[in-house]
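In structure tokens, one chain follows: the form predicted alone.
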């Protein structure tokens, strides 16, 4: 028999799963006891309805606090018994602290309400402050606050938190602690966002199963359908498309720049674990009835009802979006400082890869735009919980102002979701076509131009909302104008491919698929910019088709191109190219089968966000057939995603060794080992040329320490600006 693992400090047996077991066991125990007591006392008339099950699990009323507190106490007792799980900062300790934090926040809120003569328990305030304190305790359990307290007190940093080894411990456990290595954080982001994509994709498949035929057959009612549709939109936008680029950029950009790490490593780790907590807050709404107001959360649909009728799922949306938004801002600030201040000697702005340009512009958009959407959601939260009337027109509020505030962020958010992909595609196309990027500076400047113009076109989403009529014309003109820098990019990529030596690798397939689908989405975008046409198809499936062509073609396809392109660098192994191509064709064909017929449905007048279209199908029989075809396309996409997950998981474990530079790329991340060393480089690299000079004799982007000509190149670069300090040897 294998002896139990013992801690190095106490010699006591370790039980690493004690924390999770304690939380789950405590919750179930408290729920069962509470339910039996209520049935025995006559407080619950059990008939097996969904309301009864929510009450049984303590998910309604004041029982939520009681069950959480009992589960947290028992979880802590078992965690302490596990010793190792409690003594070390990490995920198990953080999970144990969530229940404690929620109980503390809820108790303090009720004490304050009692002190002011209010009813102690109210769903809104208790849940809001409970989630806030649960987050604070959760980060404390991860060890996210400790280093800042040590610095403030002037104490030495404990060895396991010392940045000299990123706080690393051993092997796979590094991914479940507050590790500050940008490469670990990049992989953490990627695994997390693809989990969320799996959940969001399941919601999409459920929606398409409902719409395969008229009338309701999959969901019990329209409310359940709206919940699934809203959760699908929120997950795909805020938990996949935006943060997935944070994962890719976290891994790649510091190495591309010749930096040893991100500018603020601990802030980087904090942003990831904040994102995970915010995403789980969204998912926690599922068992209690999630939000129904769509991913836009339009007021007054989301803010009506008043404090007595606060929907718990709606509160989960509001708290989740604030946490995920805070994570985005932290990440964006980190990227801005890293890109501006931590470039290697010789890395001028005009020598940066275009993926870096895309992320810099994205970070600026997030920094300036996200506070607007946060403000709009705070106003909705105040209307729900505190009884304000920002958006209640009957009491002096203005519901149209919500849309102005929301879309001032959310249209730039479309480019937040796309601009990093634009830069990524340039890296993929130039590498796999073996040709310099056509119009490098034009591509870079157009990226900044798209970011700037993105803040000027928000009201084209509101042509039918009742906004001031005079805004329509300038918004139409500006929306059409933004197609100019976008067109520059498409022409630049096309010219790069002209007479190139194209290698039809899996990343290149995704790049070519992107060019087709994104161009289709761009063309329909110009159509929707025209006020008369937009009014005709507003809130129909034509808009859904355009939206998905832009985001699937402009974001998802670029993500997969980047994953396949950098997979050998991240893992040191190659993927199965046959499965990669199968994945591409299933999703490329499936996406076009899914989204292209939606244009036709939109022109026929099929509105979005409806579960039953039997009246429209009676007038236009083809609507039923097209919806069945769309559902088949959605199933093809789902199958392709399963192939992708299988390919990545099996190749990561036992794929053939990739070598350091299987694509023969010029950029810096391909000049180090696969995976890269702990601090990326053994000495400071020096950049001597452009990143995409393929096919030019003697062209080289950078020299590493010790290579011929390094000292001379470094001396020349230092004449322009001081060198960044070389990382210490480890």
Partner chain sequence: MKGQWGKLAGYIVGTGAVATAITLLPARIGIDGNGWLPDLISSEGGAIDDLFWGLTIMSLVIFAIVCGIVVYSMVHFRAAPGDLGDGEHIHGNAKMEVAWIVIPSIIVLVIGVLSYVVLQDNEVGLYDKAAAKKPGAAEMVVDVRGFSFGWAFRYETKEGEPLSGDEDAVPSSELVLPVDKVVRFNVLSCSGKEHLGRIQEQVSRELAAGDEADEFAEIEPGICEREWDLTTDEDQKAAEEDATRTYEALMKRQDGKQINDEEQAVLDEQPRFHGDQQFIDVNHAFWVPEARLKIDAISGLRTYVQWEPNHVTGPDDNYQVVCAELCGTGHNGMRTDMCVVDQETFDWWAKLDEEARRDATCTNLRLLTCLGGDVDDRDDAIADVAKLSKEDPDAACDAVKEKI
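Residue numbers count along the first chain shown, from 1. Predicted model, so just to flag it, every value in this text is computed and none were measured.
Below, we turn to the form predicted in complex with the partner chain, even though it does not appear here.
Peer 1: Does the trio 117, 226 and 442 actually contact the partner chain in the predicted complex, every residue with a heavy atom within 4.5 Å?
Peer 2: Affirmative, all three are within 4.5 Å.
Peer 1: Could you confirm whether residue 102 comes within 4.5 Å of the partner chain in the predicted complex, counting heavy atoms only?
Peer 2: It does not: once the partner chain is placed as it appears in the predicted complex, residue 102 has no heavy atom within 4.5 Å of it.
Peer 1: Find out whether any non-hydrogen atom of residue 473 is located within 4.5 angstroms of the partner chain in the predicted complex, and reply yes or no.
Peer 2: Residue 473 belongs to the contact set for the partner chain.
Peer 1: Does residue 695 make contact with the partner chain in the predicted complex, using a 4.5 Å heavy atom cut-off?
Peer 2: Taking the distances in the predicted complex, the answer for residue 695 is yes, it comes within 4.5 Å of the partner chain.
Peer 1: Give a yes/no on whether residue 502 approaches the partner chain to within 4.5 Å in the predicted complex, heavy atoms considered.
Peer 2: Residue 502: contacts the partner chain in the predicted complex.
Peer 1: Of 334, 558, 361, 403, which one comes within 4.5 Å of the partner chain in the predicted complex, counting heavy atoms only?
Peer 2: After the contact test, the surviving option is 403.
Peer 1: If you check 341, 628, 491, 108 against the partner chain in the predicted complex, which one has a heavy atom within 4.5 Å?
Peer 2: For this set of options, the contacting one is 491.
Peer 1: So which stretch, 365 to 373, 503 to 511, 637 to 645, 241 to 249, is the one near the partner chain in the predicted complex (non-hydrogen atoms, 4.5 Å)?
Peer 2: Every other range fails; the passing one is 503 to 511.
Peer 1: Using a 4.5 Å cut-off on any heavy atom, which residues of 271 to 302 would contact the partner chain in the predicted complex?
Peer 2: Heavy-atom contacts within 4.5 Å come from 292, 293, 294, 298, 299, 300, 301.
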